[in-house]
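Given next, in structure tokens, is a single chain: the form predicted on its own.
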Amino acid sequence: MAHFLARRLLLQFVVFGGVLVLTFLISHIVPGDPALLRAGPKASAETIAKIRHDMGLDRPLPVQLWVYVRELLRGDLGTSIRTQRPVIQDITEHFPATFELITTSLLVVIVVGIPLGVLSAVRKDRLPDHLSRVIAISGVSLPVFWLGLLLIYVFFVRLGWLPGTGRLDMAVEPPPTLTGLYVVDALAARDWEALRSTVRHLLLPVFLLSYVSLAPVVRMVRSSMLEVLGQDYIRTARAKGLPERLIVYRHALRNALIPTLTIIGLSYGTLLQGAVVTETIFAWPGMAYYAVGSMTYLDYPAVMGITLVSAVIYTSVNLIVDLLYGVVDPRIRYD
């Protein structure tokens, strides 16, 4: 296990380095002048040149990259051009909102997707199987932005049942900050009004993200279950008279979870991508919402910081999934 972890961590370091170099080069090659944006449209050429020098933009790219890596090793992601604050401070403020949204959506995908896939396999070519197929295909086919706008129109504009944007109602104070996750902080402070408002604001964006990410999990569980249910040991268990529920959930499902875990890990990356559109539509003050504003402003320190944090999250999730393989199937050994 120690050898496996060391090898995977080394691989993650290589991936992180590749993402860093590519992101740095792309952000500095794209057209635009961040110094001009910071100085303003009426600034003189001397002012723009001074700002460019202060930002280090007049240095060769390899030198700029070395300076960035050196500061990164000290925990400094640079200063945002748009907010004039340290990027790490901006990310710290926006990350909990994205983490709460994505993690809740992933839990919904797991809780709904796995039972739905099992039901689809057990009831193959029957009504439950057809319904799950419709849900899966529609989730993949419908554009995220269109479905999000439709949800806002129906449940906020027309019916008025749920709020359309933000994390809290304007009249509700945020709970005392403990983790930055409003659900957790509201529960810890026993602030039931903030908890109610947070949950209501979570419903629409979580439904949108989980719905568009549900299809791969449902289809993978279904195909894995169909393969496992045709194995000899399943027929033997049925011949011994074991209850069907025990056969399906204890014997078949556990052996079908290995490929499902892989899809769940990949779904986290899909949720990160979908969060960009979702947070923009619902004005959710998370990292993706912050990233869109930073890209519009050519705020490359902020864009690079968000990209690097996303790379760390995604590779860490994949490492956790690989470790869970051994928990699900004791026969797996890490060499």
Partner chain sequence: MTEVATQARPARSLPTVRRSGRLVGRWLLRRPLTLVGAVIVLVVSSAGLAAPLLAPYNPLAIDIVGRLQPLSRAHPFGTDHLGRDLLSRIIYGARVSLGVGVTIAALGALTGTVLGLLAGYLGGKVDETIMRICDMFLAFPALILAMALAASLGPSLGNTMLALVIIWWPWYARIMRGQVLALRESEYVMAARALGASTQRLMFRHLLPNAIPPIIVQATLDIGNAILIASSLSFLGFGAQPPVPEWGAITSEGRTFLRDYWWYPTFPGLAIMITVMGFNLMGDGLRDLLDPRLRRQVGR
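The shown structure was predicted, so the numbers you read here are calculated from the model rather than taken from an experiment. Take the two forms, find the largest set of C-alpha atoms that superpose within 1.5 Å, and that set is the rigid core. Numbering follows the first chain given and starts at 1.
Separately, the form predicted together with the partner chain exists; it is not shown, and the next lines address it.
Novice: Can you check whether L11 is within 4.5 Å of the partner chain in the predicted complex, heavy atom basis?
Specialist: Judged by the heavy-atom cut-off of 4.5 Å, L11 is in contact with the partner chain in the predicted complex.
Novice: Is R7 close enough to touch the partner chain in the predicted complex, meaning at least one heavy atom pair within 4.5 Å?
Specialist: Contact check for R7: yes, within 4.5 Å of the partner chain in the predicted complex.
Novice: Give a yes/no on whether G160 approaches the partner chain to within 4.5 Å in the predicted complex, heavy atoms considered.
Specialist: Close contact is absent here: in the predicted complex, G160 is far from the partner chain, nothing within 4.5 Å, heavy atoms only.
Novice: Residue-level question: is D76 within 4.5 Å of the partner chain in the predicted complex, judged on heavy atoms?
Specialist: No, no contact at 4.5 Å.
Novice: Where, among 107-115, 196-204, 147-155, 169-177, do residues come within 4.5 Å of the partner chain in the predicted complex by heavy atom distance?
Specialist: Contact-bearing stretch, as computed: 147-155.
Novice: Though the partner chain is not shown, can you say which of V69, I26, I48, L57 has a heavy atom within 4.5 Å of it in the predicted complex?
Specialist: It is I26.
Novice: Out of A188, L142, I88, L242, which one falls within 4.5 Å of the partner chain in the predicted complex, going by heavy atoms?
Specialist: For this set of options, the contacting one is L142.
Novice: Quick one: which residues from 204-226 get a non-hydrogen atom within 4.5 Å of the partner chain in the predicted complex?
Specialist: Residues within 4.5 Å: R219, R222, S223, L226.
Novice: Does E244 count as moved between the shown form and the other one, where moved means a C-alpha shift of 2 angstroms or more after fitting the rigid core?
Specialist: The answer is yes, as the C-alpha of E244 shifts between the shown form and the other one by 2 Å or more after core alignment.
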